[in-house]
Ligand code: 5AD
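In the block that follows, a single chain appears as structure tokens, in the form predicted on its own.
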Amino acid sequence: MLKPNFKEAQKRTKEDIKVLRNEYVISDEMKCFGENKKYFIKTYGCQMNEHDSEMISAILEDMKYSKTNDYEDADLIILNTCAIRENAHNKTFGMLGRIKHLKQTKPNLMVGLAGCMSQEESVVDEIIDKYKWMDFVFGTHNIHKLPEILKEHTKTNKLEVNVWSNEGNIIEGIPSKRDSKYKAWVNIMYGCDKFCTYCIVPYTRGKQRSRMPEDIINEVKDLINQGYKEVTLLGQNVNAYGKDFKDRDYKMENLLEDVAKTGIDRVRFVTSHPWDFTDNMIDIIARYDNICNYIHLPVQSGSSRILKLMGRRYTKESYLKLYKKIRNKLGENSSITTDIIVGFPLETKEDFEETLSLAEECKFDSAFTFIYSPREGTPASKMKDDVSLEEKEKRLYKLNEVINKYAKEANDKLVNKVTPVLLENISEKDPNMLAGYTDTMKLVNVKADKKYIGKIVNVKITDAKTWSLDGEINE
């Protein structure tokens, strides 16, 4: 049993990051382990988790498992978890409660926990204490070891806990079973060294470490050959890409340019930290038409005092300066979204009013807004939380009113305009329509034949709602 260790997860040494290329191996006895069996993966959280689930899927299918979208029909269930907020934590344990009842009727069902919650010492202690009926737990650093973990469990028939608490290396060669045939996640780096006081990610994902540019470019070229139209470059803080390289001067702006030069139709990137967003990055985005004019730029608070308590290392004023620089350089056809936390410990009404003021000034295209959720072990969890839940909910409601107003205004500006849309699938709104996204990340429902799925087409916007647009093909 290898349990996570919070103190070990905090460590940052000067040891070189290793790029390991032959770590993913499936032994002969595990190659048909899942034959005639089905797997189900439930994913919580960020895009990184979504891509991790794609890798878990590929590994299971390498063992001859087949996928099912019904957990009650599965022989193996994996919950790929998120530790960012309490809500995701509660959803996971709620799902485990339902699975426990299922396992009583299907004793051969295998159940595992993966992702960021698996890297939390307190969570694993709770699993060991109260969820002994589960079969295995693994973390974010050893996805490639899943076949060995399943093999070990079958030997002992006991709960197998195998979670590494380390700074992490880079494991190349793990396959992906991608959810889409047209757009793909591409990891460019792992981990984070920012240590914002409210955030648990540096503890669950390890230290900041960048993939080699050659590996990223080769992956993008391979995706182009498979017919993919769009890639999203993924990292906890993509703007810091390359800062850990010791033997080369190669940063995010260099990577963006090289990926754009592959000729892929669309390039996106998430998530950005304002601290590392450079003028060179803005110039490169403006220079290449296939780099989408969509920037997700988390601000978290409009109060410089609260930003300092959060450990964000920028001020309201410096954020606004960066924001305006991006808007001015990319022009009217750009889209900027953000993340905002309300009710952070010691946030006064005056602090919150500054957040509202910033939202009014920036007129974000949309925002992910949250009530502060303390995460065990982070510095913020030890701060005095003197804002009542009722007050937090009032502040969230008030903020969302502002965010919604400007999201609708931004969408209204697109009515009667023609914009390229990558049509991805049948619309959830209407089975006779297709759904896709503009390069500025606006959801569009389009009256179109299914033959257009997987293509970027010009769409005339006919109607705007707060969070989506309607349109028709404009040939």
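On a predicted model such as this, the values are computed, not experimentally measured, just so you know. One-based numbering along the sequence shown.
One more form of this protein, predicted in complex with this ligand, exists but is not displayed; see below.
Peer 1: Considering non-hydrogen atoms and a 4.5 Å limit, does this ligand approach residue 373 in the model of the complex?
Peer 2: Judged by the heavy-atom cut-off of 4.5 Å, residue 373 is in contact with this ligand in the model of the complex.
Peer 1: Using 4.5 Å between non-hydrogen atoms, is residue 302 touching this ligand in the model of the complex?
Peer 2: Residue 302: no, not in contact with this ligand in the model of the complex.
Peer 1: Give a yes/no on whether residue 85 approaches this ligand to within 4.5 Å in the model of the complex, heavy atoms considered.
Peer 2: Residue 85 belongs to the contact set for this ligand.
Peer 1: Report whether the minimum heavy atom distance between residue 179 and this ligand in the model of the complex is within 4.5 Å.
Peer 2: Although this ligand is absent here, residue 179 would stay clear of it in the model of the complex, with no heavy atoms inside 4.5 Å.
Peer 1: Report the residue, out of 215, 391, 148, 339, that has at least one non-hydrogen atom within 4.5 angstroms of this ligand in the model of the complex.
Peer 2: Checking each option against this ligand in the model of the complex, the one that comes within 4.5 Å is 339.
Peer 1: Taking this ligand in the model of the complex as the reference, which of 198, 277, 319, 294 has a non-hydrogen atom within 4.5 Å?
Peer 2: When this ligand is considered in the model of the complex, the option within 4.5 Å is 198.
Peer 1: Among 226-234, 77-85, 349-357, 278-286, which stretch has residues whose heavy atoms lie within 4.5 Å of this ligand in the model of the complex?
Peer 2: This holds for exactly one stretch, 77-85.
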